[in-house]
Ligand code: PSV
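So this first bit is one chain, no partners, the form predicted alone, shown in structure tokens.
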């Protein structure tokens, strides 16, 4: 008999994790962007590769776009291409961190003309959402300052609010604005949206269609991320996750690679707070595969999220609550650790087979020959990567 109860399996059946189109392009370090055979040359090929992840796992039915990296002549055609490959288009991500005009900020810039350019870019992103049927506009801002006295901290917050208001006003009733935060980088003295509190304050001022995005790599070392997850769910403002893993800063490694127990704790709070399979809380990966193959990297990532979700669902919450109420510290911790230590991989493999999916998606993809085929077919042209 499976260790995963029918209720747990039913919850896992509904789980979906959005893939980022940019995970399939070339990326690298601050010093070099690395190229690999078979890398997509355009958004269509990115979608085709993302579809392989869903075909082998059943976990990744949508693909997020990044504008302008994923600009095409016809988003209707791109949407049909995605549907033909068994996936659909999801979150639209804006980009205000690569133009020279944005050196000292975009939505927070002192110059009204630069702010206007950045606002118009986001309005164009909403036009893309209209064409693709996407719900969420995700905004991450590489804005801040490096030196004390360099910038008017309060003035930048005021300008950010004004810019976001103009973008928010363009949303349809079914669309949302999701504001991501990041502790630091590329600015080092201050960042305009450095933490969940700043994001929460800004989106709350906008209205019900504005939410916070939590990237698991965007925190100071030692931050209790699951506490933030709990708080945002409690406040009804957790709109989405960007799942990845970090050892030091925003490493963008395969989710769960650095600290699987942290991923488990985060997912427990998601479940506890009603965020699992909640349409208002989107799960997405945000990773860069610099040294590993990209499609297997994404397969491993979604499987890691699924595995830790299954373990978190195994927590005996009644026993946990009893121990907590009685102040039984060791029993409460043991309840947590028993679930985390349970090997759910055989049960998940059997469940995949029952659904017509490969028991071992990593091995099945390796045996499919897809990677070798695209390496041979995608010779010539310009590979997609940072800035393309």
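The structure displayed is predicted, hence computed values, not measured ones. Positions refer to the first chain, counted from 1.
Omitted here: the form predicted together with ligand PSV. The next part is about that form.
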Study note, to complete from the structure: Interface check vs ligand PSV in the predicted bound form: of 200, 140, 264, 102, the one with a heavy atom inside 4.5 Å is 140
Exercise for review: Note which of 352, 66, 54, 41 lies within 4.5 Å of ligand PSV in the predicted bound form, where distance is taken over heavy atoms; exactly one does.
Suggested key: 66
Practice item. With heavy atoms only and a cut-off of 4.5 Å, decide whether residue 24 touches ligand PSV in the predicted bound form. Key: no
**Study point:** is_contact(residue 294, ligand PSV) in the predicted bound form, heavy atom dist at most 4.5 Å
**Key:** no
Review point. In the predicted bound form, does residue 307 have a heavy atom within 4.5 Å of ligand PSV?
Key: no
Review point. Is the gap between residue 182 and ligand PSV in the predicted bound form 4.5 Å or less for some heavy atom pair?
Key: yes
**Study point:** ligand PSV in the predicted bound form: contacted by all of 97, 242 and 250, heavy atom 4.5 Å
**Key:** yes
Practice item. Would you point out which of 125 to 133, 296 to 304, 212 to 220, 110 to 118 contains residues with a non-hydrogen atom within 4.5 Å of ligand PSV in the predicted bound form? Key: 212 to 220
Check your understanding: Quick one: which residues from 268 to 306 get a non-hydrogen atom within 4.5 Å of ligand PSV in the predicted bound form?
Key -> 286
